[in-house]
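We begin with a single chain expressed as structure tokens, specifically the form predicted alone.
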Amino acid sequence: MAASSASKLFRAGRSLLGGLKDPNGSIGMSKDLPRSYLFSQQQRTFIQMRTNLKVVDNSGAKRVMCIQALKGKRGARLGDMIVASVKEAQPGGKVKKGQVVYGVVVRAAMQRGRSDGSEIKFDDNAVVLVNKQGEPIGTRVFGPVPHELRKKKHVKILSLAEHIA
């Protein structure tokens, strides 16, 4: 019983420390961890082709899939524009399933450094749908939105947001 609770405590401590120390105190990965645990740690990457994103406005779409990131070869980050296909939509909304739309990434699971030295990351990948001119299709934005969108010239999205992080 004590051995199993110690291993659970080690797993929790390892997730907090990022796997830097094993129980012996040396730097590196532990050899006795199960392989499935090592693969369960999700790698946070850019928003790239075929990434599913949650839609956090009232445009009628629930989920979109990224077709192309419009900036950079590696993918999109906070505040970048993407081209996406609507995968799930509410009936009677402004956008329909299968429609190709533009969107601005407002939440990304990949962490991003701020100018004051802190880092910000969210639990999910989320997007606000916009037209070609960059104006939001919906009239409300749900959930937190980072203030870095101001630098990317998406002030209208910030004005519609409930909470600015």
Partner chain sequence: MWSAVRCRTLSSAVQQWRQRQPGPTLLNRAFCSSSVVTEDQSPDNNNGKSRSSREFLNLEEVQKVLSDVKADDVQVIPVPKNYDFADYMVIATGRSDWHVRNIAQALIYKVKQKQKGAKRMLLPSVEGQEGGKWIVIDSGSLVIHALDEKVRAYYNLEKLWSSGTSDDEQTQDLDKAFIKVRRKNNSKKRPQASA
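Note that the coordinates shown come from a computational prediction; the quantities given were computed from them, not determined experimentally. Numbering follows the first chain given and starts at 1.
From this point on, the text means the form predicted in complex with the partner chain, which you will not see here.
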### Task
Evaluate Ile137 for contact with the partner chain in the predicted bound form, applying a 4.5 angstroms cut-off between non-hydrogen atoms, and reply yes or no.
yes
### Query
Counting only non-hydrogen atoms and a 4.5 angstroms cut-off, does Ser115 reach the partner chain in the predicted bound form?
yes
### Query
Taking heavy atoms and a 4.5 Å cut-off, does Ser85 contact the partner chain in the predicted bound form?
no
### Query
Is Lys71 close to the partner chain in the predicted bound form, meaning a heavy atom pair under 4.5 Å apart or at it?
no
### Task
Scan 135-160 and note down the residues that get a heavy atom within 4.5 Å of the partner chain in the predicted bound form; none is a fine answer too.
Glu135, Pro136, Ile137, Gly138, Thr139, Arg140, Phe142, His147, Arg150, Lys151, Lys153, His154, Val155, Lys156, Leu158, Ser159, Leu160
